[in-house]
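One chain comes next, on its own, written out as structure tokens in the form predicted on its own.
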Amino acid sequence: MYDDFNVSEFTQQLQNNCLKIQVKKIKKNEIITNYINDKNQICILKKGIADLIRYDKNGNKTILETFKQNDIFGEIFFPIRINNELFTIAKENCEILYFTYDDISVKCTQNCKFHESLNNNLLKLFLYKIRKQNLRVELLTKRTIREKLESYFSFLETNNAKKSFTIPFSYTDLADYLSIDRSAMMRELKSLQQEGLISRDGNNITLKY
């Protein structure tokens, strides 16, 4: 998805060559970033899996995004005026690269390789981020639970280049991600099975259409 851009090499270069990069290890279930307090911060997930979570005033949880290795995230993508109840939580032990938006324009040393790479490659990371956000918008515009499931399954089919794939969520988290009721979602999955449109073994799905 990054075409010829090697994100792993880029993040390693940031870590090795820039004095302004912070590297932190975050344990499972700990907060990686709080969008209320950590304004202007950019994070790159070097290792692990994390969720961007929103809680509404009634305590209902929504998973806005799931981040995996090399994903970029931070408050600049969800400004505080949009929502002030956003947290990124580690789903497993994570390693994170931190820097601020201001660091993009201010060199830490005269010949910092960070800024050479950043100027050339950060736009590619942002474009990939936009693609992921567009997917979520597309899913949420679907009117029914079936349409949301089928659209998400079509994405996984395309992303994996085969009709059999593993959902990268628990079913509870999948319901949160799609902003639907879990019980209603499970009934719809059962209907899809009974109609012969999918087969399901745990989180493993095979499309029959």
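None of the values given here were measured: they were computed from a predicted structure. When you see a residue number, it is the position in the sequence shown, counting from 1.
Form predicted together with the DNA: not shown, discussed below.
Heavy atoms of no residue among Gln22, Glu95 and Asn121 are located within 4.5 Å of the DNA in the predicted bound form. The contact residue chosen from Ile180, Leu156, Ile53, Ile49 relative to the DNA in the predicted bound form is Ile180, the criterion being a non-hydrogen atom within 4.5 angstroms. Interface residue remark: Lys57 is not counted as part of the site for the DNA in the predicted bound form, having no heavy atom within 4.5 Å. Looking at Ile145, you'd find a heavy atom of it within 4.5 angstroms of the DNA in the predicted bound form. Proximity of Met186 to the DNA in the predicted bound form: non-hydrogen atoms within 4.5 Å are present. In the predicted bound form, the DNA lies within 4.5 Å of some heavy atom of Tyr171.
Stretch 137-145 is the answer when you ask which of 158-166, 41-49, 137-145, 64-72 has residues with heavy atoms within 4.5 Å of the DNA in the predicted bound form.
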